[in-house]
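Take a look at this single chain, the form predicted alone, given in structure tokens.
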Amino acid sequence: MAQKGKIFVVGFGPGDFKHITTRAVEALQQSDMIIGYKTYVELIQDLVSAKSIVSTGMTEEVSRAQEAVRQAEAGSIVSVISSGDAGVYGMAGLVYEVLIELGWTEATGIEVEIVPGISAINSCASLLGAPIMHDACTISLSDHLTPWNLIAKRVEAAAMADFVIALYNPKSGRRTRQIVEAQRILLEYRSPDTPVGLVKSAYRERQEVTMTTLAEMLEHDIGMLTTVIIGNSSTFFYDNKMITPRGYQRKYTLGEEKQPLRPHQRLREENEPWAMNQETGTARNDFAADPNAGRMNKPSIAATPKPKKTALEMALAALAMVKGTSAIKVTPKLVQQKIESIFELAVSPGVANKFFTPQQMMTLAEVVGEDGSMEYTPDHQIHLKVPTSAPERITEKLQEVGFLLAPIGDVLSLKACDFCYGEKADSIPYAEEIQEKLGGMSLPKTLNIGFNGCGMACYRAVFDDIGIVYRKSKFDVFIGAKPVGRTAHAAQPVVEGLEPEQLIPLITDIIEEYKANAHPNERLFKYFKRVKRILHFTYQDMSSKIKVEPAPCGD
């Protein structure tokens, strides 16, 4: 029986070695493999002794979790790393979700240990002073996984309840509007002078700490490495520190060593008129929070006192409760978030067909609705993102009007040129067969196949991961293009004059070898360069060494 592996999900804190726990270091050093976002891997690489390190891009969380489970099931000890705490916007939940999909149970499955770390709200607060001494919450402004209207409701609820708020993922290169909208909502409930702390790269080399206000916070640099901490109505600045009082000034005389009120005296209503009455379970409603000083005001003249019930009313209510009936009708205040997935898929009129019908366009508008989105891509596809709890209804409607459907993500995608008429259409069935057999296949990284219907190669298929050119009733095959970057290059020609019946088996064998052996997030050209051989094809360096002249200096 094979030995079971183990998964550590490690939160390593802000990235400074002094703030990583002993248990986190032990887990990293016990691991055979480390899996994580490449920036995080670089932060802790001096602590790692694992034989294998897999680093992937920012949006590759699912592939990291899946790879960790595969390696652990094969007997390896794996650490999946997160900055901060792995259970706060980290990898812990996703690892469990992947395991649950596979039927994992704690009793019979691989062992999982979550190693906690210091979350950003704590590390950033320590650099600001003491801003989260009172009730606080965290809200991520990233709407990649959570609809913005739900995030906006949470921001408003936290603002209304006077929470200290820590905003995670406030802004990125493409997401610039969310922090603006969050500020607008907050200003409806908070003073423009509310203290705000901006902490970028806490406890790292490029650490930046900025004290500002709610009205002026957008005048400063805010990015994905920034945590924004917004004070409540009592937070104040003092000597470059941001401080939120806990409320001791209500109970204690801070300047006196001996307190004037003993604990049993402080519990009396005349001494703590804002507190809940322990007998009636109600609080006086004639005390309001002062948004400027954070202390309790005197009873407001404008406030309408809550009418007291008469002795008869209270007696009747008590009698009704004894008899099992309620004299008071209570309206439920349950809040239930509607669970909807963001269903993503790609649609196109077909492999060779590039013409959309009016009926197809109307169907797209219907299924996307007001809450979804559609984006046309260079691959002659339209990417759809639709909030729904019934994706099968969407796929049925799209297929009824003749759309070709494909998944989005790290899958195989085929793009064919705009085919001509006549003899050049002979290659269409081969393109369609590739799409039918391999299209949408899950792979370590997105793989693009470019298919040209004639020797003119007008689509430039040689700049895709796999290029196929139909020429003189046979096929030429190319592998491993790098289409972008300073070292961009065309694919390497590996076969010339391939018989048509040999095309599908060859392409299938190439892709199956890549799928079985490539690292997560490893493009085909990187894999080919690393292993030096795919099937019987030997790698050749196709990148040309170009001498770049320095830019001329201007006056």
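Everything numeric in this text was worked out from a predicted model, so none of it was measured. A residue's number is simply how far along the shown sequence it sits, counting from 1.
Although it is not shown, the form predicted together with a small molecule is what the next lines describe.
- Of the residues given (His220, Lys153, Arg204, Arg393), Arg204 alone sits with a heavy atom within 4.5 Å of the small molecule in the model of the complex.
- This chain is drawn without the small molecule; in the model of the complex, the residue among Gly453, Gly84, Gly480, Gly450 with a heavy atom within 4.5 Å of it is Gly84.
- Here the chain stands alone, but in the model of the complex its contact with the small molecule, taken as any heavy atom within 4.5 Å, falls in 225 to 233 among 464 to 472, 157 to 165, 225 to 233, 438 to 446.
- When the small molecule is considered in the model of the complex, Gly197 lies well away from it, no heavy atom lying within 4.5 Å.
- Contact annotation: Tyr89 falls within 4.5 Å of the small molecule in the model of the complex, judged by heavy atom distances.
- Taking non-hydrogen atoms only, Asn169 approaches the small molecule to within 4.5 angstroms in the model of the complex.
- For the chain shown alone, Thr244 is not a contact residue for the small molecule in the model of the complex, no non-hydrogen atom being within 4.5 angstroms.
- For the three marked residues, Pro14, Ala120 and Cys124, a heavy atom of each sits within 4.5 Å of the small molecule in the model of the complex.
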